[in-house]
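Given as structure tokens, the chain that follows is alone and in the form predicted on its own.
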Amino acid sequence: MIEQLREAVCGLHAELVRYNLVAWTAGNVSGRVPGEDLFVIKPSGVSYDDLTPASMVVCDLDGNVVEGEHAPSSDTAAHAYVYRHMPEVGGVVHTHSTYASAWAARGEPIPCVLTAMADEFGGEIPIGPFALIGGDDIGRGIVAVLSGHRSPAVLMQNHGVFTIGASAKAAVKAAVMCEDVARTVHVSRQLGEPLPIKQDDVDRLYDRYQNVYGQRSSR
């Protein structure tokens, strides 16, 4: 199970590069090991080109290294805090993607003015508090904002994007969609004030996308 997750998490880092969500060695993906108090995360400061399944680091839910030859991501404590306090979460992603991070720098949530936002996020993408890197303050902010919230993404003030999902792949998808809508809403605001979507319509769109859209056997 751990070896399969190492492969999956390693491969998902290529998606961050593919969708231009990261620069240099910034950003990370982690995945919870099913049935274990463990997760797999990217090593710190290693080029995306050099990532291999073997270079992924296995940590316990306190952020301690259990397996791996590398130091884990500098965001490990934040990921660990999320896994400890949100047992439904199977994957966590962090990026500094350009447009979403620009909203974070302004400390401004992204308003729900697109049907794609209603589908994926169920409303606005919220802002989380400013927190320093290295401890679990970022994790505390993520959990405080996203617990009970429809959005799988939070913009941590002056920092960037953190997303959660039932799996690492779902968290990566949320990061991709977060940047996509952040860019579109930014462009819209250059043309004028975007039109909000009524809450009833947001609710209907979210329910349809989460419960009807796609192939049921593959979700």
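Only a predicted model underlies this, so the values are computations on that prediction, with no experimental measurement involved. All residue numbers are counted from 1 along the displayed sequence.
The same protein also exists as the form predicted in complex with a further copy of the same chain; that form is not shown, yet it is the one meant from here on.
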Subject >> Which of 59-67, 146-154, 33-41, 46-54 lines the interface with a further copy of the same chain in the model of the complex (heavy atom within 4.5 Å) >> reply: 46-54
Original post:
So in the model of the complex, does C10 come within 4.5 Å of a further copy of the same chain, heavy atom to heavy atom?
Top reply: no
Original post:
How about G107: is it within 4.5 Å of a further copy of the same chain in the model of the complex, going by heavy atoms?
Top reply: yes
**OP:** May I ask you to state whether G134 is within 4.5 Å of a further copy of the same chain in the model of the complex, using heavy atom distances?
**Re:** yes
Subject >> Any non-hydrogen atom of Q210 within 4.5 angstroms of a further copy of the same chain in the model of the complex >> reply: no
Subject >> Heavy atom contacts to a further copy of the same chain in the model of the complex at 4.5 Å, residues of 181-195 in sequence order >> reply: R183, T184, H186, V187, S188, R189, Q190, L191, G192, E193, P194, L195
